[in-house]
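Here you get one chain, nothing else, as structure tokens; it is the form predicted on its own.
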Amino acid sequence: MSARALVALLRDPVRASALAESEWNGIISAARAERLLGTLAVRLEGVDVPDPVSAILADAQLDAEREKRIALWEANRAAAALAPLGLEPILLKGAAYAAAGLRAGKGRMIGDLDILVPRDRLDEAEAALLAAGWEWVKPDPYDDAYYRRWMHELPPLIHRERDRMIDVHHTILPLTARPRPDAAALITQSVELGGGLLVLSQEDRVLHAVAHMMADGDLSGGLRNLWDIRCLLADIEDKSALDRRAAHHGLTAHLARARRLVAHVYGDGLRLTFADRLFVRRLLSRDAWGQDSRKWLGLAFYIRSHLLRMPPLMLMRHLWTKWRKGHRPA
């Protein structure tokens, strides 16, 4: 599996010098598919690799730097739009890692801008962003109503001129999810960066990444998310403070699993539960073409992700509505 070869290089970059040129195609394909190519390039700095591979990695670092600049500019524009309201957006995910200069941001590819604002100020924030040039992405009334009633964020917005998306969160998991993280605590413990921007506290950054991967998604692109968690965990100085914070947010079991997976995939290994092994198989399913080689397992995690988000009866109604509208899982 090329995903395994990719993980081995991220774990131990020195291995790269012993690889044959024929092995690189699969590794690069897997890294592209997982959006880890820029991260791999950073990890392999100073390591001897074939010239064609070196050129690809150099381009990946340039792409990552470009995405970082764009993300930070978008964050600046969002902050400017919200400043008249006295609102300072809390950056989440990749933009937060880049703005705070964290190791998780080194070489990381950044897509949409994710921000967090208080739920009782969502309407004001949305109006300010719409006035500043962002527009709704989802015109379907059902999708719009679903987001506003049940999700942890507004329907996504895209800027009409810059074609960049922004996701405005009011908490970190859907309102129908079983864990109910304390959104007010996330906000009150956030950290000032300057320039009208904030980031989550050190512990909450870990727990947001854990919640996003373990309690919400289907593990698509999971190797990058797990790498984020690995890097964020390495920054934690007080492990007991992280444990206490996880208990406060109802994420203790999710954090424990994330730690086991990080240790197994990117560390020296750790005894896994049976369920953990299914997670590992899902994470390492990329083949030499960068494609998912275990479609059945991907479907199972897709179903799991929906079961995590809502009770069974609500899920059946939701999936039936989406099916009638032509939505099919990828």
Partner chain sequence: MRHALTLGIGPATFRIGSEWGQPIDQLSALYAAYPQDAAAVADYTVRLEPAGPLRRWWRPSVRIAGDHMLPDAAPMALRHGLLAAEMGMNLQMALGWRRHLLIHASSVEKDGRALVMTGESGSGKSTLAALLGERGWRFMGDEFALLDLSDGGVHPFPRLVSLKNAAIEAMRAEVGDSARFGPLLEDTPKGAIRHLVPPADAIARMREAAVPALLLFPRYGVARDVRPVGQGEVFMRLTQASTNYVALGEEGFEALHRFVTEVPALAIDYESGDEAAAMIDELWSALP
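These numbers come from a predicted model, not from an experiment. Positions refer to the first chain, counted from 1.
Keep in mind that the form predicted in complex with the partner chain is missing from the display, and what follows is about it.
For the partner chain in the predicted bound form, the listed stretch (24-32, 277-285, 261-269, 296-304) containing residues with heavy atoms inside 4.5 Å is 24-32. The candidate spot formed by R121, Y147 and L308 lies out of contact with the partner chain in the predicted bound form, as no residue has a heavy atom within 4.5 Å of it. At the 4.5 Å threshold, heavy atoms of V42 stay clear of the partner chain in the predicted bound form, well away from it.
Taking a 4.5 Å heavy atom cutoff to the partner chain in the predicted bound form, the contacting residues in 271-303 are A288, W289, G290, Q291.
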